[in-house]
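To begin, one chain is listed below as structure tokens, in the form predicted on its own.
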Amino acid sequence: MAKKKLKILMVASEAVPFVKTGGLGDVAGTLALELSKAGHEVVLVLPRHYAIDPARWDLKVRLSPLYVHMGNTTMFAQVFETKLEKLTCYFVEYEDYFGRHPLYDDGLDGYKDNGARFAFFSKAALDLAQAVGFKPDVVHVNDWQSALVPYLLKTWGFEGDFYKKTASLLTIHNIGYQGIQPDLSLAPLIGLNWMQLRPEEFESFGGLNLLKGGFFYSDHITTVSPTYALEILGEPGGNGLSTYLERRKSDLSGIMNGIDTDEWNPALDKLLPARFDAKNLAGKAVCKAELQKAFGLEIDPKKPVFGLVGRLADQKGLDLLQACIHELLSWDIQMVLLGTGNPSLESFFGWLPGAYPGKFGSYIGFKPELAHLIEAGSDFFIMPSRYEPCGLNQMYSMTYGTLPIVRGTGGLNDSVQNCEEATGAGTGFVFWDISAGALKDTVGWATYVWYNNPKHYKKMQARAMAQDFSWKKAVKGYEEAYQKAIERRAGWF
């Protein structure tokens, strides 16, 4: 039987290629495009953030004004439109809410009106689709910023027939961010009544938790890896919400993210000084030499280079690396780091190159070309995360023939096969304890394999590069999840 083509409304606060701050943006934009390539009719709705340049993306006015009917007022927005291949993209412009940068905070604290901003955006996305006549089979929402949409569909949606059969699917990219409001002042704008202001739905310690309300009203819930789906059903993985997710565990799926294999492909990567593939690794050797040169390391192909790219934060386990880095750098290895985040970690890792010249290099900030060079030129890649819903860098690393060293959590556990010392099977090195000692020992294990068992290293490298991290599997997983959402919605009446 032919696969049913769906109408999908993708609602997100950020999405590549337009704007992103993290994994949510990578997934929302790439998945929307991949679903459209798979034959589904997909519409992507984003806020028109200040960072999204209308001229660059050829944005055209689609609706002006768009009437957005909130719980206690009507607001007016303007809607822009553009196309990415077959994907239709709409942008809700409301200067007071979205004409600012960064997207969610002032660099230190979240904007005090974040709840109102994204409550408005959630309702605007539904009003927009109705105004242009796009009647979706399913609305796919992402994290707390659009978690109100399922509630709106099941309450306000009954005012007419337009959304009567529309299902909702909520993806949790990181349960650590929940859209918590300190009091109930936002309730009238959202249209919450006393029935919704209970702990099972939106109420939380005298305030509101928008993500928790999304759990209650969504027809299906997904997260970005199978292991993370299990971790959030308990604590501390559930970050205080495991009880509410446990009630919906039969409606919860873990679907591993894919990667953009056009951007992250060593045979095609235009940001590299030389390209390569699994059959010919000469270009990887060139990249390693250029990496060593770029970070002021001794240029020596025989010494293993350990790379790291990411946010400098305790969640990413950088404090574990900090605690054992001096012992690691007493070994015959080299290390490079690219990232920004915690000021004290920035200061520490920014200072290290002066303390270990020729052995450690760092760039505090972010440059895409350096991120690609580290993935391509390193021999190992370090990801000691305390928790990692999915993670992308470990998949980039394996694609580029760089063996990841990871803690066995979330998507890291699902995507990296641990080294088998006797046979050389596996695609990387995995440890489980959240400790500097466990990280140090695993880096030591990888170093031992590099120097003492190069045949096993090469076998693992070939196996890593043969892994399929494209979006094909993920698209199939989401198609199945959408059908579950549609079936549950049909039984709601």
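Counting begins at 1, following the sequence as shown. None of these values were measured; they are calculated from a predicted model.
As for the form predicted in complex with a small molecule, it is not shown, yet the points below apply to it.
With the small molecule left out of view, the stretch that reaches within 4.5 Å of it through heavy atoms in the predicted complex is, among 415-423, 214-222, 332-340, 318-326, 332-340. Only one of C89, A371, M256, L345 comes within 4.5 Å of the small molecule in the predicted complex through a heavy atom, and that residue is A371. Contact annotation: of the candidates G377, G115, P404, G310, the single residue with a non-hydrogen atom within 4.5 angstroms of the small molecule in the predicted complex is G310.
In the predicted complex, none of the heavy atoms of P384 sits within 4.5 Å of a heavy atom of the small molecule. Using a 4.5 angstroms limit between non-hydrogen atoms, K270 is distant from the small molecule in the predicted complex. The closest non-hydrogen atom of G365 lies within 4.5 Å of the small molecule in the predicted complex. Mapping the unseen interface onto this chain, G391 counts among the residues with a heavy atom inside 4.5 Å of the small molecule in the predicted complex.
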